[in-house]
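Presented as C-alpha cells, the chain that follows is alone, the form predicted alone.
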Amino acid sequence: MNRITLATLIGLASLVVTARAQETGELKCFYTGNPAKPGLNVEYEGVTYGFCSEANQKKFQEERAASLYQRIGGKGAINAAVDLFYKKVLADERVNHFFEDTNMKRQHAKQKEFLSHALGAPTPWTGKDMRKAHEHLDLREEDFNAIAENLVATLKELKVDDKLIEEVVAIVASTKKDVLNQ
C-alpha cells in the first residue's frame, strides 16, 4: 500500500511540476525533457533551449555547429533558398502544374520547416510523411529529377559550396522512393 501511495504521490508531483513549468515558461532539457538547470541554456535563432547538464548543453552546441543546416547558413539561408527555389519551380513547365491549386505561402513555410529539420535544425517536422504528402500527385522519376535540378540550380545561384550541395542532394535523394510512392 505504501508503494502505491508513494508512486501516486510521485506521479501527482510530476504532473504539478510539469503544469507549473508550462505556466511559468520554465525550460525543459532539449534532450531529456527534464527541467533545465538555471544558467544551462542556449539561444539559437531566437529560441532559448534549456539543458539539465553541461554535457547536454555542449552536445547541442556541437551538433548545431556541425549540422549541414548551420554550415549552409541556417535559417536565413533556408529562407532565401526556398523562396528562390519556388520561383524556379513555378517557372518550370515540367513541374509547375503540380502547384496550380497549392497555397504557396503555406507550401513555402512547410518546405522551410522540412528542409530545416532534414538538414539538422533543432526544429521538429510537423507535416505529413513524404508518402502521404505526395500520394495523390502521380509523380514520376522525371518529375522528381526536375525538382532536384531546380534545387541544385538554386543552391548554385546562392553560391553554396559544391560539397555542401552534394550533402543536400544526398539527403533529398533519400526521400525519392517515398515521394514517388515506390
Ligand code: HEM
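A residue's number is simply how far along the shown sequence it sits, counting from 1. Note that the structure is predicted; figures quoted are calculated from it, not measured.
One more form of this protein, predicted in complex with the ligand, exists but is not displayed; see below.
Report task. Run the contact test on Tyr44, Tyr69 and Asn79 with a 4.5 Å heavy atom cut-off to the ligand in the predicted bound form and return yes or no. Result -> Heavy-atom distance to the ligand in the predicted bound form: none of the three under 4.5 Å.
Query raised in the report: Can you pick the stretch from 60 to 68, 47 to 55, 27 to 35, 127 to 135 whose heavy atoms fall within 4.5 Å of the ligand in the predicted bound form?
Result: Contact criterion met by 127 to 135 only.
**Report entry** Contact of Val95 with the ligand in the predicted bound form (heavy atom, 4.5 Å)
**Finding:** Yes, Val95 is a contact residue.
Report task. Spell out, yes or no, whether the shortest heavy atom distance between Leu158 and the ligand in the predicted bound form is within 4.5 Å. Result -> Judged by the heavy-atom cut-off of 4.5 Å, Leu158 is well away from the ligand in the predicted bound form.
Query raised in the report: Would Val172 count as touching the ligand in the predicted bound form under a 4.5 Å heavy atom rule?
Result: Val172 belongs to the contact set for the ligand.
Query raised in the report: Heavy atom to heavy atom, is Arg106 within 4.5 Å of the ligand in the predicted bound form?
Result: Yes, Arg106 is a contact residue.
Query - Any residue of 90 to 114 that, in the predicted bound form, places a heavy atom within 4.5 Å of the ligand - result: Counting only heavy atoms within 4.5 Å of the ligand in the predicted bound form, the contacting residues of 90 to 114 are Val95, Phe98, Phe99, Thr102, Arg106, Gln107, Lys110, Gln111, Phe114.
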